[in-house]
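We begin with a single chain expressed as structure tokens, specifically the form predicted alone.
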């Protein structure tokens, strides 16, 4: 088996699991099929051992297009960054360019550039980030290296762009493991308007109660989360967020599952 191991995600993502990924992987049971209905930066996928079948899904079309281009058009995507600079002017040009007017490869380059240069990796209404204390996240000299590493991990992955409920229904089998990473409670609109809401948590809990496979669900530790998902097992974990002052303090999250983790 190919071991992705300590591979990093090529992108930054609001609410990404870079600090919790290893702990989540250690709790995974044996499985045949692995699926992430809300893949985001897919940190857990990049940290785990390769499964026989792997599916990544996200409703964000630009994110899915980037992963597809890394998988299928690696050299052409890398070429897009020749002669680029990390500059507010370039950021503004990409922001003013409708994604629908670009080819898939150009669109992937636009999304990656905005993702790596935006403050806090914001998905909704990103702004150009400048810090006096650290270099930019976008290292133009390492793009080929970072994309090539991700390309190796994505070589057998099936990539979807569908609503999470449809993917869970379609992929569910007794030997399926879902890693589920929805928007945080009270942060439902951080990834766009009308994509996810409080009622989706209720619908998700009801759907997970009926699946044949197993799941690990990660969320912030709130009273609402504990009430909606009370039928399942909870494990408390500690992590740090990577935006502004919140990165300086530990916060509580929960890993929710329908099985007893290892």
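Residue numbers count along the first chain shown, from 1. Just so it is clear, the model here is predicted, and its values are computed rather than measured.
Below, we turn to the form predicted together with a small molecule, even though it does not appear here.
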**OP:** Mind telling me which stretch in 130-138, 83-91, 105-113, 181-189 gets its heavy atoms within 4.5 Å of the small molecule in the model of the complex?
**Re:** 181-189
Subject >> Partner contact for residue 173 in the model of the complex: the small molecule, 4.5 angstroms, heavy atom >> reply: no
**OP:** Give a yes or no for residue 70: in the model of the complex, does one of its heavy atoms lie within 4.5 Å of a heavy atom belonging to the small molecule?
**Re:** no
Original post:
Hey, in the model of the complex, is residue 65 touching the small molecule, heavy atoms inside 4.5 Å?
Top reply: no
**OP:** With heavy atoms only and a cut-off of 4.5 Å, decide whether residue 217 touches the small molecule in the model of the complex.
**Re:** no
